[in-house]
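A lone chain, given as structure tokens: the form predicted alone.
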Amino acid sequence: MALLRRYAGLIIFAVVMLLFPFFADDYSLHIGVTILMAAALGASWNLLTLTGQLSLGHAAFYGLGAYTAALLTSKLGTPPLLAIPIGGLVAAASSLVIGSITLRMRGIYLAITTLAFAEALRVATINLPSITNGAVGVTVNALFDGEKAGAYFVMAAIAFLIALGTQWIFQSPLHFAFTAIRENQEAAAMLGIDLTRYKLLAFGLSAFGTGLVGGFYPYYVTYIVPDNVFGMHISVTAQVYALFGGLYTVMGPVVGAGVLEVMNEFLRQHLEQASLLVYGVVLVATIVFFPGGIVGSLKQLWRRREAKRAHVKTTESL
């Protein structure tokens, strides 16, 4: 029972993902794909926060994954299902290079560096037309000839892999090391934890997941340009999904992405121009009144309830 409770969120997530396509039309499948992309993006960004690090430029890894996969296919004929993981690996490798320079520093240095890195890649992509086609962008064929169900299952596999990896971290000694670094770096170092090594590991895993999502993107929309995949909006939305759902949790980014994407689609259809205003108000209200996010706040309520029940039992036994 303890094992089932521990993996309940992942099990429910897997069951819903597997059953959803059998009851959905193409439009619903499209919404499902966008939710899964958002969930995977938020969960990947959340991995970095486990060590207390902040990135404002995860669009760099998203764009690297997207351009690596798209160029491999368009120029070398690499199959999409091979190009996507290669995109993730390229993103992870770049994060190790950037991280080895900045992760020894404290404070906001990593956030500023990743933001600058994303912008530098965007500008470089535009100014290297012989390699990247510049501002014209790259066009590829749709995954499975545009069949929504096939694309959905590929994205579902990526999202579940990232969620499963996060769950594994929470059940492994890495969670202790990551939490120690996040809470008190000096104390963690005194315990013998290699700060740079574990920060690099978290950074690499986070970038790899982001690169996978970016690698999938060109085969779903069939066309990418630098401003779309290296844009600041990618980094911002990744943070919003994690914050809204709950930082430092396995299912928080998944829940946050699901709620926000469905709400955004509903507001867009029914409120049109006012949708962004309402969307922003809901985000601000949630962060102010539920700083732990949806999942984090529910966990806090559950712990209080359990603590109250334990107190009542102790009192009755006396």
Partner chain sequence: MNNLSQILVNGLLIGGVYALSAIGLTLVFGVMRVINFAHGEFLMLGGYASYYLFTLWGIDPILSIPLTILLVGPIGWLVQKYLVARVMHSNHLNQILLTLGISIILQNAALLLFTGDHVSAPVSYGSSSVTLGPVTVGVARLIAFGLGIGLSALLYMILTKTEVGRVLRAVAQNDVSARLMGINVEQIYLLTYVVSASLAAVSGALTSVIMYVHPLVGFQFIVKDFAIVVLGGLGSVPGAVLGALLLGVVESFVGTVVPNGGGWAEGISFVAIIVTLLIRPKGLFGVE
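Numbering follows the first chain given and starts at 1. This is a predicted model, so every value here is computed, not measured.
This protein has a second form, the form predicted in complex with the partner chain, left out of what is shown; the following refers to that one.
- For the residues L89, A149, A111, L82, the 4.5 Å heavy atom test against the partner chain in the predicted complex is passed only by A111.
- When you look in the predicted complex, the only residue of A180, L143, I169, L243 with a non-hydrogen atom within 4.5 Å of the partner chain is L243.
- Though the partner is left out of this view, N127 does reach within 4.5 Å of the partner chain in the predicted complex, counting heavy atoms only.
- Put simply, L56 is close to the partner chain in the predicted complex: some heavy atom of it is within 4.5 Å.
- The partner chain in the predicted complex is approached by Q239, whose closest heavy atom lies within 4.5 angstroms of it.
- The partner chain is not shown here, but in the predicted complex it comes within 4.5 Å of a heavy atom of E119.
- Of the stretches 132-140, 93-101, 158-166, 200-208, only 93-101 has residues with a heavy atom within 4.5 Å of the partner chain in the predicted complex.
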